[in-house]
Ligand SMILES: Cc1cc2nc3c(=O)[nH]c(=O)nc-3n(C[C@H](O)[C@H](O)[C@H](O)COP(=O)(O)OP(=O)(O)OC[C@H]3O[C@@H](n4cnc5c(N)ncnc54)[C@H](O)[C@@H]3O)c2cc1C
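Only one chain is shown below, in structure tokens, and it's the form predicted alone.
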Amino acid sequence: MTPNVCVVGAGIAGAGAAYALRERAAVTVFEADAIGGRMVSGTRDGCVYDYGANYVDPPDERVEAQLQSVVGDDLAVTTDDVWIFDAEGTIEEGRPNQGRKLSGRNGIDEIVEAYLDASGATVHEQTPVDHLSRTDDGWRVTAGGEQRPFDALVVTPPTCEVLFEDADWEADLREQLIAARERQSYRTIDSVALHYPFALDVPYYALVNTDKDHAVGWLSRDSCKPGHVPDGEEILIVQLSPAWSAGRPEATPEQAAEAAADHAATLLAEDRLADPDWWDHDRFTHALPGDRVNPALVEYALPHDLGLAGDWLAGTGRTHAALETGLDAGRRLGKRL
């Protein structure tokens, strides 16, 4: 009989876990919000823009080959470099030979969707998991008002300690996981997409602040991504710094958008950028994780038919790192099924 596995969370980590389990189990994925997690895209007026995670930067050829095989012709490749700037707004070239930066032609969430499609998993969006119960032969998961049995479980959300706090599960590991996750900090980021009816002539794809002392942490051009922005237009993604967001917890989307546009105009010395013709905004409260948690917890979880994945384990907000945790969790669980 084919084992059945529940994956909590349809971000890139959950999608990676489902993909790794595709030949060993029937997988059901529950997502409280929408597919993609922080790998989220928007569309408007013929434009596509990635306003959460901006791209996947594969660390080696093996990872890029897998991404290419899963996503196929829908993969969008950006080769322009990321430059740097300091607190004074002085822009300089970044390191050379930075490599390829990957998104989807219809948005970066297309990468997550491709992994889920290739996994054959059954995906339930807008269906949060309400309760977990450990049983003698697996787990019972309550989601959407229905309780279902599973042989194994993969948990990925950055708020997973909430699930474990209320779980019917008598094990020391439960308390260890709660404590480990509560010690893991996250930084909040306000991310703004700014659209302009004109193109920019600059020699870089993006700018990143290196001294962490500027109101802008990241600025990028979605026009550099194939299929994203029509010719003669521009979308800037301006991610305000964690310090800016932490210091303005009550900032409205309008205030964040105005600040992003003003800072972009100053940083790029282009007054027209202060007046976009439209904008979009999101506040990511779990944008950048702190230090990596103890990797031994992953090993301790396996005898409990439990896989752990997500950037909270990797200790970095890099998309490829989150994907690797999901693939690893799926492979490890698959060997036990």
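Position 1 is the first residue in the sequence shown; the rest follow in order. Because the structure is predicted, anything quoted here is derived from the model rather than measured.
Keep in mind that the form predicted together with the named molecule is missing from the display, and what follows is about it.
This chain appears without its partner; in the predicted complex, the one residue of Ala65, Ala296, Ala269, Ala34 with a heavy atom within 4.5 Å of the named molecule is Ala34. With the partner omitted from this view, the residue of Ala287, Leu306, Val48, Leu273 that lies near the named molecule in the predicted complex is Ala287 [heavy atom within 4.5 Å]. Using a 4.5 angstroms limit between non-hydrogen atoms, Pro157 touches the named molecule in the predicted complex. Using a 4.5 angstroms threshold between heavy atoms, Asn54 counts as touching the named molecule in the predicted complex. At the 4.5 Å threshold, heavy atoms of Ile12 reach the named molecule in the predicted complex. Val129 belongs to the set of residues with a heavy atom inside 4.5 Å of the named molecule in the predicted complex.
If you check the named molecule in the predicted complex, you find no heavy atom from any of Gly107, Ala193 and Ser241 within 4.5 Å. Note on the interface: of 77-85, 115-123, 175-183, 149-157, the segment with non-hydrogen atoms within 4.5 angstroms of the named molecule in the predicted complex is 149-157. Residue Ile189 is the only member of 169-189 with a non-hydrogen atom no more than 4.5 angstroms from the named molecule in the predicted complex.
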